[in-house]
Ligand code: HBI
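Here's a solo chain for you in structure tokens, the form predicted on its own.
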Amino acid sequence: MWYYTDMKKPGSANSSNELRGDYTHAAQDYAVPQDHGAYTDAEHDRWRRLYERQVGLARKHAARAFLDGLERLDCADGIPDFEQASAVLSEATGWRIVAVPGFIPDEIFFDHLANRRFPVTRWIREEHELDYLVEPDVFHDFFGHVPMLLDPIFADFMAAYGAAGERARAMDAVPMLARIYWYTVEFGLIREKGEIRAYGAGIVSSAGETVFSTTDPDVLRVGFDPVRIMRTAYAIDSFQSTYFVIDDLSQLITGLVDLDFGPIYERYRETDPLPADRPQDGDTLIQLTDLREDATHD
């Protein structure tokens, strides 16, 4: 699920785009029935075509943890049944899926994550939106996010992220915490065997950005630095200008659990975010040519 604190949520009016989704019968936690039997043959066919396109790219450019999780979910044949997928997740890492109409308020989102419930939008994009979507649908949320929740380290990170939301809200620093989510869960990259691979849902569910983020030689790729991330702006309607690269998934836990965010919030929450399209002093810049040379020497 895309996580924008600056985009329109139910009941707010800070976007000119009317978001889809029927919130009429949503529970207090915004959960709704998935109603799997209501999907049409055309919608299942749309899922299959999206899946076929993206899984081919994922095999070339996605992280091993993502590919392993996707294989275990076995969801190539149509829009997945959330209850069946939740049974697989629960046994592996204690997570389950909650169907939602679309965007949900920050505090509800944090609570779901802290309690190992991942909100997945129930509707699927229209035919004319196969290549670009303004807001997350079931393909983005399920294909992009759910496979990584089968990895124990990533699953723990996501729960810890949700738990961190209460403090961020209390300190009026949710936009800073949201940048952690954006640059990891949505648009994170990882080094694997001399290559840049994607684990972020916004990348692996996008045909164009999967290739762009992992292979373009001119992309700004920066070594993982949670403070730098919390200070960096991001783009919500184009490919990212900067990606942050981890060496392994355990860095996510270290960056979130071992770092006291309070003083960082105090120092930077009133400052303008750093531009996303240029390096900063202290950055560790990662070049594709350097990675290939390192892999050759190994």
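One rule holds for the numbers: they count along the sequence shown, beginning at 1. Everything numeric here is computed off the predicted structure, so don't read it as measured data.
Below, we refer to the form predicted together with the named molecule, which is not included among the displayed structures.
TODO: Answer yes or no: in the predicted bound form, does the named molecule come within 4.5 Å of a heavy atom in every one of 47, 58 and 142?
DONE: Per the other structure, none of 47, 58 and 142 touch the named molecule.
- [ ] Choose from 96 to 104, 222 to 230, 69 to 77, 206 to 214 the stretch whose residues reach within 4.5 Å of the named molecule in the predicted bound form, heavy atoms counted.
- [x] Looking at the other structure, the answer is 96 to 104.
Task: the named molecule: the contacting residue among 114, 138, 174, 155 in the predicted bound form [heavy atom, 4.5 Å] - done: If I apply the 4.5 Å criterion carefully, the residue I get is 174.
Open item on the list: Please identify the residue among 178, 88, 124, 196 with any heavy atom within 4.5 Å of the named molecule in the predicted bound form.
Closed with: Exactly one residue meets the criterion: 178.
Open item on the list: I'd like to check something about residue 161: if you look in the predicted bound form, is any of its heavy atoms closer than or equal to 4.5 Å to a heavy atom of the named molecule?
Closed with: Flag for residue 161 set to yes.
- [ ] Could you confirm whether residue 109 comes within 4.5 Å of the named molecule in the predicted bound form, counting heavy atoms only?
- [x] Output for residue 109 is yes: heavy atoms within 4.5 Å of the named molecule.
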